[in-house]
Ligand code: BGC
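First, one chain by itself in structure tokens, the form predicted on its own.
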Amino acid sequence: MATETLAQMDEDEKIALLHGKMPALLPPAKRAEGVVIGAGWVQGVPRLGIPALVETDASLGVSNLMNMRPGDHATALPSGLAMASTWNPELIREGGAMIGSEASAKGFNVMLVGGVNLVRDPRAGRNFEYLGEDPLLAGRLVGAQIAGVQSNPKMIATIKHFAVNDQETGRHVANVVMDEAALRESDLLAFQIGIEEGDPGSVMCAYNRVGGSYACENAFLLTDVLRGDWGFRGFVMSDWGAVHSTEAVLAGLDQQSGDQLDGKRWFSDELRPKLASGEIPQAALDRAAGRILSTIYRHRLDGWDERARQPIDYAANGRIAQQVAEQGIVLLRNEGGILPIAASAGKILVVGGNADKGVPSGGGSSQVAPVGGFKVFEQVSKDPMKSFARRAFGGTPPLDALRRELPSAAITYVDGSDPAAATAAATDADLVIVFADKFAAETMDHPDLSLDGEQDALIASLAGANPKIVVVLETGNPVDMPWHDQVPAILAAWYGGQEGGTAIARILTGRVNPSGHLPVTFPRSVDQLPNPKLPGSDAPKADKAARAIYGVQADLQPFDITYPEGSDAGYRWFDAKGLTPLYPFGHGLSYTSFAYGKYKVKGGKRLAVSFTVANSGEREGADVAQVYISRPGKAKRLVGWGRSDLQPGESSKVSIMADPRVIGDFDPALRKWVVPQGTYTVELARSATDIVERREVVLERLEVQP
């Protein structure tokens, strides 16, 4: 059908599909009538029934960046790291279906959802949007989310940012230098798995360069890998302000997004004369337009009514957000069984974190104004490139939720701005709960891993005054904990979304048993990282010449990023180097206990693992049992997991058939994945470092197409 439609289109209509605008930057008179204002708008072909593409951010819900739709709110999911901490693809798919339904109801048909850049450095400002450091876990979860979004009629989802856009510092000028095998075994594998499982309509290419070429005009990424090896059948859109030439269309880019942010309108004004001269062949225009049309038809957008609006059941959607938040909270430490808080608790002091206002949100294009709005909303930078990175708190306040859960307790709150007063109040409490936050945002990486302001000193002072203390971390990244040994209980609650406060209170009081497991490693310090100094943190500022070459958004002079860990990101690096982290990948405690049994490992052509999990405690709970594999000279890798929700005394069987690509190596010469013949060690584990049982198995050589 796309071929027939394309044959009826003139050149202007084809070009119109190849570039989009940011409606908020258009004068009202130039905006299409009735179209909701969002991240982008691509003109359709009304006479042929081809609708406009109306685009919204992003992975955590329907964003309303800079209040472009005054007063419009949406259900805010918890952060990507919170979602990843659930290790629950089915729940993440349900969350994707929910935010996709809201996007559709608000008048959008493209959702820029599906961020799967790996967490390589815990200081990266956009980590909170993503799904952790492991390509298998992140790939399966993002695939589930995308499938959920696209389960809604007439909806296209993306996967982004392709590829290796793993930090914000210098994101418009940085060049990632990494060999092909390492790329394939880490960042690209996460995208590959996500595309296989989610079948997104679009891929969004990144700002940075890879191997010297911009990601949005990188023929190796967009043509050789994405379409040639993986058989991707959708279209490639650019990130906003990521296009640098008309020739990008020859490399595999199909659509220039938000062209007001680029130096030139490469896919419209600059394209026409090159088509006329033959520098860009008509076949390239037809190929790009045809891919967009094919995706529109495959997702049945033809006949879409951009003025249609549907009612939204925010109460039902909030319950999904709450479930994600509850399953994503990780109990890091619980010495002496200080948690859960007893119903008979006496005097409880709650300190800091705007706990009386709500829970924090990450900043940038993914920020979702929750139902009820933000109670705290602060601009953190006057730099025009960072002005949309705003610190905000909203959703359900933890203080209110704790008072609902513990009606007999005397709960008081101090904001922590006066450390001496807070410490004095702590001496008279039966329990102290400190909410500690660290703001993270697009465009801004962290200089270190410390909490914002003087919170570390405040926690140490409170712990010195009262040994019964719980710290609730509301962060978008792993953080340092210089006070760690003074604090008996620590929760990683991340950014909790719409119902974050409710979820925290239900976990603290035992109404819900914590089941989250870390999707990232918490290092003891930056000295344990592959790059102790953040790449580009000392790069010179961009001058006029650099901006002329690299675009108006260039903030630094170009620099290279080298990743010494290669494919061994996160826990793999710690394993390869024999480093002991503060908290390992996969770690998470429960209020009950679990026992493993009947562990079986079968080798040969494919690795198969099975075992049983039993709830050996006295509370209902969920366990995430993990399986890792290693061989001499190689760091361990996650090959699968099983999440089991069990009543006391109940057991379940977990079976895992390992993906050969996770076990093997990518051989660029053969252009295949190769599992070498040999003896492998297979670990049944509670985390990357907490091993329950090891088995050796012999695997035969296996070659797999890329």
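Computed from a predicted structure; not experimentally measured. Heads up: residue numbers just count along the shown sequence, starting at 1.
What comes next is about the form predicted in complex with the named molecule, which does not appear here.
**Q** Since only the chain is shown here, I'm wondering whether S365 would be in contact with the named molecule in the predicted bound form (any heavy atom pair within 4.5 Å).
**A** Output for S365 is yes: heavy atoms within 4.5 Å of the named molecule.
**Q** Using a 4.5 Å heavy atom cut-off, state whether R126 contacts the named molecule in the predicted bound form.
**A** Yes.
**Q** Taking the shortest heavy atom distance, is H517 within 4.5 Å of the named molecule in the predicted bound form?
**A** No.
**Q** Flag W240 as yes or no: does it have a non-hydrogen atom within 4.5 angstroms of any non-hydrogen atom of the named molecule in the predicted bound form?
**A** So W240 counts as contacting the named molecule.
**Q** If you check in the predicted bound form, do L607, I629 and W673 all have a non-hydrogen atom within 4.5 Å of the named molecule?
**A** No, because L607, I629 and W673 lack any heavy atom that approaches the named molecule to within 4.5 Å in the predicted bound form.
**Q** So which of Y563, Y207, W573, F393 gets a non-hydrogen atom within 4.5 Å of the named molecule in the predicted bound form?
**A** Contact with the named molecule in the predicted bound form is made by Y207 alone.
**Q** Within 4.5 Å of the named molecule in the predicted bound form, heavy atoms considered, which of D415, E442, D224, D400?
**A** Partner contact (heavy atom, 4.5 Å) among the options: E442.
**Q** Just to confirm the contact call: exactly one of 445-453, 415-423, 154-162, 607-615 touches the named molecule in the predicted bound form at a 4.5 Å heavy atom cutoff, so which is it?
**A** Of the options given, it is 154-162.
**Q** Counting only non-hydrogen atoms and a 4.5 Å cut-off, give the residues of 94-116 close to the named molecule in the predicted bound form.
**A** Counting only heavy atoms within 4.5 Å of the named molecule in the predicted bound form, the single contacting residue of 94-116 is L112.
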